[in-house]
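First comes one chain, alone, set out as structure tokens in the form predicted on its own.
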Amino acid sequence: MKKQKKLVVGNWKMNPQSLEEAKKLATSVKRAMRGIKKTNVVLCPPFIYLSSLSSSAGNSFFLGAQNANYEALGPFTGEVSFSELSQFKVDYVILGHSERRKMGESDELINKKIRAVVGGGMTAIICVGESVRDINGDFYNFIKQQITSALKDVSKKLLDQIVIAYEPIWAIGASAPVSPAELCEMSIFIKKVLKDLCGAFSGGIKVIYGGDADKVNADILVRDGNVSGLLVGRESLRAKDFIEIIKLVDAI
């Protein structure tokens, strides 16, 4: 069986300030892709930049969106439909991010978005993660519930269009982020949950890590953390650092 490529996703959030900066950053990353063989890279800019960056997509370099509405069309002011994204060569959509959940997105809403996105031929990057870690280990049940809700009624034939991004909220900006051992333990748990839910079809689902990954810890998190890549936030806005992260992951 052909080995799956690793995945590095850059979530730009509500950055950068100008289209010129966005183009410059995307061009730098795409240029660096010439030497990358074992890793797919996804850039997820704000919606307003997708049109201008769509010509950059191709050759293991993909565009992603940071959100999508599950309705195809309709009276939803301020929303962008999953069906409108394909014209901009969007292949990935981040869903269930902790920042969106904090705004009030429920598990039910996230599930609707996931089904719409994968049904529309794109890959859903589903973020899951606990706010705190209790000594009783109840956070494991919390993660299991998030995954179970996210994949409800998702066709098993479409599971290769699913990526699980483990995003421990407590680790973001913490003085002591998640350790490779802790990440490995969670990765094993997530893969077991997926196997129990999806059976043999779970093999097509990548598990990646999001939460203060940088050029210092990128390789050890992926290698010793038993994950297939990274969801990178602020470091993805610094071309030099993001490219170094990509190269470190690709070298594993």
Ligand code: 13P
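Values in this document were obtained by computation on a predicted structure and should not be read as measured data. Counting begins at 1, following the sequence as shown.
Beyond the structure shown, there is the form predicted together with the named molecule, which is absent from this document and is the topic of what follows.
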Should Asp212 be counted as a contact of the named molecule in the model of the complex, where contact means heavy atoms within 4.5 Å?
-> yes
Inset, instruction - Considering only heavy atoms, tell me if Ile147 and the named molecule come within 4.5 Å of each other in the model of the complex. - result: no
Might Glu167 be said to contact the named molecule in the model of the complex, defining contact as any heavy atom within 4.5 Å?
-> yes
Given that the named molecule is not shown alongside this chain, does Arg234 nevertheless sit within 4.5 Å of it in the model of the complex, heavy atom to heavy atom? yes
In contact with the named molecule in the model of the complex (heavy atoms, 4.5 Å), from 186-194, 199-207, 35-43, 212-220, is stretch 212-220
In the model of the complex, the residue from Ile110, Ala171, Ile143, Val154 with a non-hydrogen atom within 4.5 Å of the named molecule is Ala171
When the named molecule is considered in the model of the complex, the residues of 94-112 having a heavy atom within 4.5 Å of it are His97, Glu99
